[in-house]
Structure formats: structure tokens, C-alpha cells
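Next comes just one chain, in C-alpha cells: the form predicted alone.
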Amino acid sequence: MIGLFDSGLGGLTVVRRLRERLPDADLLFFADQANVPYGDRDPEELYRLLSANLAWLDAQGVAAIAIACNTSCAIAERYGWPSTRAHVLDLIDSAATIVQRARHRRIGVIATAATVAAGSYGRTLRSAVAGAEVWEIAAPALVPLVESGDVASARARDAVAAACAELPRDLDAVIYGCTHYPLLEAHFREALPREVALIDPAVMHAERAASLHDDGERKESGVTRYVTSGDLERFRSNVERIMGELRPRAERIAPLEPTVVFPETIEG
């Protein structure tokens, strides 16, 4: 079983990509909607949430965790991954692989405020691609729009346009630095020049997950279990809308209680 987590609905875009590549795999997706959005929180709190989410997925018996939250990956890149027995797939690493393959050099990243503040995309991309120039732009208005279902409105269009306007026009690519953002793709495509590639790291995530998963021996049912720490009926409705599933297997758990202390050696 492959586990995934995000602060909210954005992780469903990663579930969708994995399901395209692995139709028979068993997936477990946890949306920590009791704490959405993550992008406005401080590093210590994010590290504790990340640790709690990994521990919960471990307890469910997942063999691999495809992280579906860029903010969590950014915190882990900066401060280290909390302990987990599962194989972890990092979205920022997946984005870097796409950039390397395409030989992009001028790259924009639109992400949450916490992801941009961590600087993880810039460090990873410059390390992966010699001579890369990276612009990281925070777009804190976008996650709440997606969580509220307000993706087709003029307000959503204008919020995406405002974020894109902070980037140079002569880029090779723009990375969705938050898994919520592919749900706003029509607005991104309208706001950016046609020659600018839009990169969804979840595409490479799915490729990497498939390479881990395909040993030819597993007998799985192809079921996705959807779990939220927020409002169950609203969550189920959004899963139906985004995933196109009727009567998805959705459930609610109580908000997790993070207990890990932010390590003193990495504080600040």
C-alpha cells in the first residue's frame, strides 16, 4: 500500500497521477484538513505535523509514502526527515528530475509562503541543474480558494494572475510548488506565455512510485481509502468532484496530536 498526505484537497492531484500509473495499487490518502492551510504555519509546527503524519501512515502499514505536500517537503529539506520505516518520495526531488530531463534553466516556482520561506526549491534546483536561475513566489491566497471550491471564479483567475505577474516573462518553466495548484491550471495557462512549460511534480512522483511498486508479485485491489481530519461530508463531496468517484471510501479521524519536539540542533 502507498500512503500519501497533504493539508487538504491538493493531495488529490497526486492521488490522481498515481492512480493513472498504478490502477491496481492500494492507496491511502490522508487530508489533514483540521490544520489546513500549512503554508501559513511556522517551521516548528510544520515539523511536528509532518512527524505526526508520517507516524500515522506508518501505523497503517504503508510500504511507501508519496508526500503530497510541498510545504512538508520544504521543511524536511531544510531540517531533515523525521524517522519513518517507509520509503519516502519527495515532491521537490521529483520536480528537480523533471527540470533536469527537460534541461530548463530559467525556472519559476509558485508555492505557499512557508515553502518559499524555506528556500528549498531554489537550493534543490540550483544543485540539480548547473547555472539554473530560480524565482520563488508565494501565493497564499490560492489554497483557501481551492479548499472552498472557488476554482472557476474571477477571484481565482485574478489571484493566479497576480502571482504570475511577479515572475519574469522569459522563463523556461513554472513549477506548481503546491499540490493544490494543478486544480487552477486553466488560470495559470491563461496568465503565462504559451512557451512556458507548466510542471506538475506529481507526474514524476507517479513514475517513481510505479518503479518502486512494480515487482510483479503484489495482488492488490486498486482501492483508495480517503481519510480526513476535517468535515467528512464536505470532504467526500470534494473527492467525488475531483476524482470522479461515486461513493468513495471516505472516513474521518480525530486530528492527530503531534508530540515530536523540534530538534534543538536545527532550530532557527
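One-based numbering along the sequence shown. These figures come from a predicted structure and were not determined experimentally.
Here the subject shifts to the form predicted in complex with D-glutamic acid (DGL), a form of this protein not shown in this document.
Checking 109, 178, 75, 95 against D-glutamic acid (DGL) in the model of the complex, a heavy atom within 4.5 Å turns up for just one residue: 178. Of the residues 199, 36, 49, 209, just one reaches D-glutamic acid (DGL) in the model of the complex with a heavy atom at 4.5 Å or closer; this is 36. Although the partner is absent here, residue 31 sits far enough away that none of its heavy atoms falls within 4.5 Å of D-glutamic acid (DGL) in the model of the complex. In the model of the complex, no heavy atom of residue 66 sits within 4.5 Å of D-glutamic acid (DGL). At a distance threshold of 4.5 angstroms between non-hydrogen atoms, residue 70 is in contact with D-glutamic acid (DGL) in the model of the complex. With a 4.5 Å cutoff on heavy atoms, residue 143 counts as touching D-glutamic acid (DGL) in the model of the complex. Segments offered: 199 to 207, 51 to 59, 37 to 45, 231 to 239. Contacting D-glutamic acid (DGL) in the model of the complex at heavy atom distances within 4.5 Å is 37 to 45.
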